[in-house]
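Shown here is one chain on its own, the form predicted alone, set out as C-alpha cells.
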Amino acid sequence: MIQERHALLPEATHDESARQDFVSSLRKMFTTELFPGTRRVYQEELLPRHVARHGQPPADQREVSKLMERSFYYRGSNVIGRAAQELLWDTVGESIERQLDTLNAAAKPKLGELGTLTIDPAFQVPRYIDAVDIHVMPGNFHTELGEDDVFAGALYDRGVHVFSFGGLGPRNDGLGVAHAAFVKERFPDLKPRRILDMGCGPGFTTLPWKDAYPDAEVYGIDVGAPQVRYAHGRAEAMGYPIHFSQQDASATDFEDGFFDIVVSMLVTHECPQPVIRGLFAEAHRLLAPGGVTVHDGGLVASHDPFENLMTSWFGVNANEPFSAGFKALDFEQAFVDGGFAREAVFRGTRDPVYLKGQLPPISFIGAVKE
C-alpha cells in the first residue's frame, strides 16, 4: 500500500525507493514466513525430540530458549529479522538527511494555522528514553540534529510504513483508527470535549480521534521535540486542527479534569513499570468524572513458555528492554493504584483495520473515572 503524500513526507529518489521496497519486502518475509516458521520448527521437530529425551516438555522460557538456540533455522531467522530492523533505519534515514532542511522549513509554524505547537526549551528527556535506541532507531524518538529539527518524526513516519510493509494503511493510522473505533463502540453515548493522545509520536495515532469525534478538541503530547514538530506540520498539511506539545505524559501541565478521553497507543511497552503506573495516575488526574482512559496492552500472561519466547522477540532482538516488565505488570492493579476503582477497569479486543487476518486482535485495557 502506497503511503499518502503530504507536505512533510520525505520524498525518495528512484534508488532510495528501490532500497526501501527491498527492506519492506525483507520485513514482510520475516514477519509472515520466517517468524511463524519458528513455531513449526519447535512443534514438529524440537519439542518431540526434547520430550523423547527428557520425558516432558521444557519447563520454562529459559529452557525453551536453550532448546531453540540449537536450531539453525531459529538463529538464522533472528539474524535476518535484526538485519532488516537495522537496514530499515539506515535506508530511510539517508533519504531524510538529504532533504532535512526542506522538511524542517516546511514544519515551522505559520500564521493562521489550524492547531498549535508548544516546545519546552527547558524540557529534560527522561533517562529511560535517553539511554536506549528503542526499535534500534538511531537517536530514539527525541534526539535533535539541529534547530527546529524534525528528523526523528520524519524517520518514524516513513520508517513505520516501511516496517509494516504498508500494512497500517496509507496514513499509518490503522492502529489509531481501531483504537478510536473500540472506544466509540464500547461507549456509544460518550461525547468528549477534549481528547489526549499520550506519546503521540508523528501523529498518526492522533488524527483518527478527530475523525471519530469531530467536535472534540484533540491534543497530542510526546517527549520528543522532533516528534511533535513533525506531527504538527503533518496535521496542518492534512487539514487537522490538533494541539501538540512536548511533555512527559506522566506529569503534564494540563488542569485536573481537563479531558474526557485519555489514550496511548504503542507506548506502554516502551516504558518501565513505574512510568506505566505514572501514566495511569496522570490519566486519572486529567479525566473529568465519567471520562475514559484506554491503552493497548495489558495482555494476560501465557502459560506456554514457547509462546512467551515468541512474544519476547522484540525485547531481545530489537532494543525493547522494558517489554518484559510490560508483560509482567498487573495492569488492573496499576489502574487501581492510579486512583481508578477496580470495578471500573475493563478489557477488550478489536481487529486491526488493514492487517485483519494477518495480525491477532488488538488487546485494550482501560478504566472509567467515577
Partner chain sequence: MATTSTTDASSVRQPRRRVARGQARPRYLAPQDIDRLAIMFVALMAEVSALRDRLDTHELLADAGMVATGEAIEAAVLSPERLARREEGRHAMLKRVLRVVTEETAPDGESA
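Numbering follows the first chain given and starts at 1. Quick caveat, the model's predicted, so the values are computed rather than measured.
Below: the form predicted in complex with its partner chain, not depicted.
ask   = Is every one of 350, 368 and 370 within 4.5 Å of its partner chain in the predicted complex, counting heavy atoms?
value = No, because 350, 368 and 370 lack any heavy atom that approaches its partner chain to within 4.5 Å in the predicted complex.
inquiry  = I'd like to know if residue 15 sits close to its partner chain in the predicted complex, meaning any non-hydrogen atom pair within 4.5 angstroms.
reply    = Yes, residue 15 is a contact residue.
request  = Determine whether any heavy atom of residue 11 comes within 4.5 Å of a heavy atom of its partner chain in the predicted complex, and answer yes or no.
outcome  = The answer is no: residue 11 has no heavy atom within 4.5 Å of its partner chain.
query = Is there a non-hydrogen atom of residue 123 within 4.5 angstroms of a non-hydrogen atom of its partner chain in the predicted complex?
reply = Contact check for residue 123: no, nothing within 4.5 Å of its partner chain in the predicted complex.
task = Indicate whether residue 40 is a 4.5 Å heavy atom neighbour of its partner chain in the predicted complex.
result = Flag for residue 40 set to yes.
Contacting member of 212, 238, 80, 129, with respect to its partner chain in the predicted complex [4.5 Å, heavy atom] = Selected option: 80.
ask   = Pick from 337, 45, 60, 343: which has a non-hydrogen atom within 4.5 Å of its partner chain in the predicted complex?
value = By the 4.5 Å criterion, the partner-contacting residue is 45.
message = At 4.5 Å between heavy atoms, only one of the stretches 139 to 147, 196 to 204, 86 to 94, 177 to 185 reaches its partner chain in the predicted complex; which one is it?
response = Result of the contact check: 86 to 94.
Partner contacts in the predicted complex for 10 to 33 (non-hydrogen atom within 4.5 angstroms of its partner chain) = Sequence-ordered list: 13, 14, 15, 18, 19, 21, 22, 25, 26, 28, 29, 33.
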